[in-house]
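Form predicted alone, single chain, as structure tokens, below.
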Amino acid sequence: MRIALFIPCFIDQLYPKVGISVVRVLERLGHEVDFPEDQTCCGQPAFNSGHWDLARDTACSFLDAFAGAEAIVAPSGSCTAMVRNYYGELFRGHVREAEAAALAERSWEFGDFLHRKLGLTDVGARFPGKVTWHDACHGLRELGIREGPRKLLGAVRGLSFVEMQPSDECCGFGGTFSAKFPEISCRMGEAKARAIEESGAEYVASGDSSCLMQIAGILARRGSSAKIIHLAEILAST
């Protein structure tokens, strides 16, 4: 399959290794990966802040960049949820409504693409370490991603998986939420950090680098030894 790779803003600016890891996994599986150089943002920050006209302009650039792509894969549940779940609302009544709906159907979060689209669990990865999983809100609640990442991690050689309790509580990031309500955001992050520490995991993995950035900051301030890692980085390890 020829796969168009969408790299969200956080990964482009702060965690480029995640994007590189996605390419390594997909190419190892025999797929051709294309990176449309005209891509920018999916429009989610403006959309969530109520600036729908600005979000639509950005989303139109997204449609142009990925027009004709057989499949669009992004290592972000948040951005994928924006395209799959909200482009229909954003483009309702717009001349590009049908185009946006068709593109949304071809857009996948990375782990979900491996598990539900390709039907895979074992991608040939090896990663020694004790790992727990953070269910990011967009992936879990808006894309229905829960079992897939756990099955992918369970097939990684040398990896010991442990559930944190609870695994599905928000980390407190929430994009603009963390900027508008920093005190609440930090309290939520503290609860997440305690759950990670109590699990005894060496690493906390997730499908959203934005959540992992929030968690990393809280863990660092607590002096915790636990480290963050994206699912793609684990699956790229051999």
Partner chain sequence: MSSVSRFVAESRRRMADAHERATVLKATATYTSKVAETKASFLDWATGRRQLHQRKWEAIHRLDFHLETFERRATARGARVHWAEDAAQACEIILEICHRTGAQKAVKSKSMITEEIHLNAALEEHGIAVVESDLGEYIAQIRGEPPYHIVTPVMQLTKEEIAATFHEKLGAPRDATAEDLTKTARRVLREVFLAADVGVTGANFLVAETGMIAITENEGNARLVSTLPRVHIAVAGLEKVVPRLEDLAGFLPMLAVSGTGQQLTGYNTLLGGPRQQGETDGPEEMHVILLDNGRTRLLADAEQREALHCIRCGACLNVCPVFKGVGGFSYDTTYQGPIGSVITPHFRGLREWKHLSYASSLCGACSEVCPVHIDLHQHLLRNRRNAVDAGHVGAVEWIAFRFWAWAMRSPFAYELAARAGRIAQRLSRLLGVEGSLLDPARAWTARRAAPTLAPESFREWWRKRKASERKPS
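Positions refer to the first chain, counted from 1. Here the structure is a predicted model, which is why all the values come from computation and not from measurement.
There is also a form predicted in complex with its partner chain; it is not shown, and the following applies to it.
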Practice item. Have a look at Leu63, Ala69, Leu29, Cys186 for me and say which one sits with a heavy atom within 4.5 Å of its partner chain in the predicted complex. Key: Cys186
Review point. Among the candidate residues Glu163, Glu147, Glu89, Asp122, which is the single one with a non-hydrogen atom no more than 4.5 Å from its partner chain in the predicted complex?
Key: Glu89
**Study point:** 4.5 angstroms heavy atom contact with its partner chain in the predicted complex for Ala46
**Key:** yes
Check your understanding: Do Ala195 and its partner chain come within 4.5 Å of each other in the predicted complex, heavy atoms counted?
Key -> no
Practice item. Report whether the minimum heavy atom distance between Ser178 and its partner chain in the predicted complex is within 4.5 Å. Key: yes
**Study point:** Residue contact check: Lys227 to its partner chain in the predicted complex, 4.5 Å heavy atom
**Key:** no
Check your understanding: If contact means any heavy atom within 4.5 Å, which of 137-145, 110-118, 94-102, 123-131 contacts its partner chain in the predicted complex?
Key -> 137-145
Check your understanding: Which residues, if any, of 37-52 lie within 4.5 Å of its partner chain in the predicted complex when only heavy atoms count?
Key -> Glu37, Asp38, Gln39, Thr40, Cys41, Gly43, Pro45, Ala46, Phe47, Asn48, Ser49, Gly50, His51, Trp52
